[in-house]
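Okay, here we've got a single chain as C-alpha cells, the form predicted alone, with questions on binding and movement later.
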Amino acid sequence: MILDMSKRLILAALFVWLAPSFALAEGIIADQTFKAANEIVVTFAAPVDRAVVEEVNNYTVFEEPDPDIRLVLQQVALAGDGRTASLFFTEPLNTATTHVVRIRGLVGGETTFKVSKSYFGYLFGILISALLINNFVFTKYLGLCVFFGTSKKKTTAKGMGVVFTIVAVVSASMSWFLYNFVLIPFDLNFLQIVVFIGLTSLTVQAVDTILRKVNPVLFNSFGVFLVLVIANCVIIAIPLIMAGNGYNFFETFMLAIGAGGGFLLALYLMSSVSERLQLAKIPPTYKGLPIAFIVAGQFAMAFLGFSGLQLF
C-alpha cells in the first residue's frame, strides 16, 4: 500500500515537472516548417533571447523514426524581429519524415516540437513524383513494349492511357486491401508478386470485356496491346512500391493516379512526335524503332530536368 502511494506521488511529481515544458512548447512555437533542402524555419510567438537561440549546442534534432541518430546543426540565424529562426544543417534533410527539435534554455527548461510536411502536400508530392519526377517510362524505362506499340496515333495513345490508368488504380486498390488484410496478417508476403499479377490480370480481363461491349472501335484499335497490360512492368511496379514503402490507401491511390497519368503523358507526347515523323524525311536505316528510341531518349533527357523538384 505504501509502495503504491509512493509510485503515485512520484508520477504526480514528474507530471507537474514535465507538464509546463509541454505547455510552453505549444505556447512559444507559433509555426515550424521545412524551407530549403537543409533548412528548418521556426517562428516563435514572441521575441526570444538571441544568445540562447543562436547557440548551436542548445539544440538536439533527429528524425522521429531514428531518435539515436542526431542531425548535425551547422548554424542558427535569428531574424531582426527576434521571432524567426533559421536552422541550417550540414546535410540535406529527409523532408518526408517528421523531425523532432529540442531547444534547451529557451524558457528555463527544454522546449520540444515536431516539424513535418502537410499531409496533403505529401500526397500531392507522391502524385507529382510518379507523374513527372520519377516517370515510370522516361526515368525507370518500364512498360516500353506497350509504349512503343500504342504511341503511333494520338487517339489510340489517349485511349490506351485512360484504360491503363483505370486498370492501375483498380488493381492497386485491390492489391492494397489484399496485402494489408490477407498477406500481412497471415505472413504470406512471399506470395505478393503472384497475387499482384493475378489481380492485374483480373482487372484487365474485366476492362477487356467492358470495352468490347461499350466501345468496339477503341477495343479493335488496341489490338493485342490491351492484353499486354497484364505483363506491363508499370502495373506490377505500383503495388510493389506500395508494399515496400508501407503506403496507406490514400498514398497508394495517389501513386496509381500519378503512374497512370505519367504513362498517359508519355504516350501522348510520343504519339504527337510520331505523327510528325511520318511526314519527315528520315533515312531508311532510322525508320521504325530506331528513330522511336532516339525520340524516347530525348524525352528521357528532358524529364531529367524535373529531378530534385519539390513543391512542398
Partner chain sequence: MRDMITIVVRLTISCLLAASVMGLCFIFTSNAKKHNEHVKEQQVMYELLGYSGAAERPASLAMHELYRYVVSSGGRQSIGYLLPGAEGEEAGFLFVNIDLDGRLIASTPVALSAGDALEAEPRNRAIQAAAGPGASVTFADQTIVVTDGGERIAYLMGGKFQGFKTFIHLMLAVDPDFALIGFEVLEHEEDPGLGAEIVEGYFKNQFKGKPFTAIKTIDVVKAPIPDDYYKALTGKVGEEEILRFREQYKEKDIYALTGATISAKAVAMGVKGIVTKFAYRIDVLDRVLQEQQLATSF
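Only a predicted model underlies this, so the values are computations on that prediction, with no experimental measurement involved. Definition used throughout: the rigid core is the maximal C-alpha set that superposes within 1.5 Å between two forms. Positions refer to the first chain, counted from 1.
Below, we turn to the form predicted in complex with the partner chain, even though it does not appear here.
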{"query": "Triplet 63, 139 and 194 all within 4.5 Å of the partner chain in the predicted complex via a heavy atom", "finding": "yes"}
{"query": "Residue 91: touches the partner chain in the predicted complex, heavy atom cutoff 4.5 angstroms", "finding": "yes"}
{"query": "Any non-hydrogen atom of residue 156 within 4.5 angstroms of the partner chain in the predicted complex", "finding": "no"}
{"query": "Exercise: residue 134 in contact with the partner chain in the predicted complex, heavy atom 4.5 Å", "finding": "yes"}
{"query": "is_contact(residue 51, the partner chain) in the predicted complex, heavy atom dist at most 4.5 Å", "finding": "no"}
{"query": "Contact residue in the predicted complex, from 56, 37, 46, 69 (heavy atom within 4.5 Å of the partner chain)", "finding": "69"}
{"query": "In the predicted complex, the one of 152, 102, 117, 83 near the partner chain [non-hydrogen atom within 4.5 angstroms]", "finding": "102"}
{"query": "One stretch from 170-178, 186-194, 156-164, 208-216 that, in the predicted complex, holds residues within 4.5 Å of the partner chain by heavy atom", "finding": "186-194"}
{"query": "Large Cα shift (2 Å or above) at residue 274 between this form and the one not shown, core-fitted", "finding": "no"}
{"query": "CA of residue 95, rigid core aligned, shift of 2 Å or more between this form and the one not shown", "finding": "yes"}
